[in-house]
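Quick heads-up: it's one chain on its own, the form predicted on its own, in structure tokens.
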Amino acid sequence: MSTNVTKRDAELPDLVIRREFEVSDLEQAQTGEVAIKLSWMERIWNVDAVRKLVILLSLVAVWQVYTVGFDVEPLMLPSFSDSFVTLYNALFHGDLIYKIWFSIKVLIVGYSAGLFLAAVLILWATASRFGSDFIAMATAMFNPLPAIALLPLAMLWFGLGTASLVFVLIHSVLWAVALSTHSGFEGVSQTLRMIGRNYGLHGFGYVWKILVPAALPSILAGMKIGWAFAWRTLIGAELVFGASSGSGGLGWYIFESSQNIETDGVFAGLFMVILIGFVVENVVFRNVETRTVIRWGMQR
């Protein structure tokens, strides 16, 4: 045994013992560079809003240069400046602001109703195995079904009005939110589930205090998907309902502009669709994520 130890020790390189020292003068002590000082340009470029604004302005510049520099027919593709002037006049000297408010009101009603029904289904799925099977089956059936395909049935059942719009919006929101939330709940670890049961939580309290915080990234993802589906479904539905009943919101404004061969008006309406979607995505949902999942360390 001693021979083996001697051979092994002989094969090891000589160890270098670093001398210990103590700095009594704290002013001479060096801890290294903890953080690199950035220039003012680098600090500005690190802001997400600045980078996104640069991308947006670049796209606008390409559009403007292409339409003006190549003398594109305005009826086919108006310049950005012409479309922006039309949007400004429609907002402050026309009735576009009222049409936007009409669309937002319908969207809030349909989106809220879809979230409520999704919450009811999720609670049912959490409480029973049959409810879980129902959500799995229903989402597989109805989630791939485009909401716009239900417009004929909505017109037949509810007539030409807000009720038909709310119906197709509920379909757009319900299954996307239910599927994402249900998948998030199933992904919650057994450790968290056992902690909740050890604390005596059950029913709604168990779902609210254990499952919802743990699955919040999936829930927010489903809510964003449901919002996007609902917003574009509303615009498409208003094109049909507006053409039928002579009233509507932002989608009806786009339809009117196309019928009057006002391409700049069509682009003005599309600007508002994009702008509202951008604000909701990057202001509303982003603030919710910052105050919850990012602060809790669940998302980078």
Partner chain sequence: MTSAPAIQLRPEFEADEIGKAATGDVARKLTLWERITDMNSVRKLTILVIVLAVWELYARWSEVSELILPKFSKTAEALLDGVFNEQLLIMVWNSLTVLVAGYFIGLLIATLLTTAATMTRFGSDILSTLTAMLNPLPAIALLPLALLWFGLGADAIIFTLLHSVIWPVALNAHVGFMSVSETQRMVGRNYGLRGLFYVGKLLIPAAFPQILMGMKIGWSYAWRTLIAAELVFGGSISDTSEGASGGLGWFIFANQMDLRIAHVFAGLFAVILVGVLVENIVFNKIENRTIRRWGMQS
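Since the structure is predicted, the reported quantities are computational estimates derived from the model, not experimental observations. Residue numbers count along the first chain shown, from 1.
Just so it is clear, the following notes concern the form predicted in complex with its partner chain, a form of the same protein that is not shown.
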T67 near its partner chain in the predicted complex, any heavy atom under 4.5 Å? no
S39 versus its partner chain, in the predicted complex: is there a non-hydrogen atom within 4.5 Å? no
Give a yes or no for I55: in the predicted complex, does one of its heavy atoms lie within 4.5 Å of a heavy atom belonging to its partner chain? yes
With a cut-off of 4.5 Å between heavy atoms, is P152 one of the residues that contacts its partner chain in the predicted complex? yes
Site test, L59, I235 and V273 vs its partner chain in the predicted complex, non-hydrogen atom cutoff 4.5 Å: yes
Checking Y98, F92, F204, F130 against its partner chain in the predicted complex, the residue with a non-hydrogen atom inside 4.5 angstroms turns out to be F130
Pick from A136, V188, A113, I104: which residue has any heavy atom within 4.5 angstroms of its partner chain in the predicted complex? A136
Stretch in contact in the predicted complex with its partner chain, which is absent here, among 80-88, 137-145, 113-121, 189-197 (heavy atoms within 4.5 Å): 137-145
In the predicted complex, residues of 270-289 near its partner chain [heavy atom within 4.5 Å]: L270, V273, I274, G277, F278, E281, N282
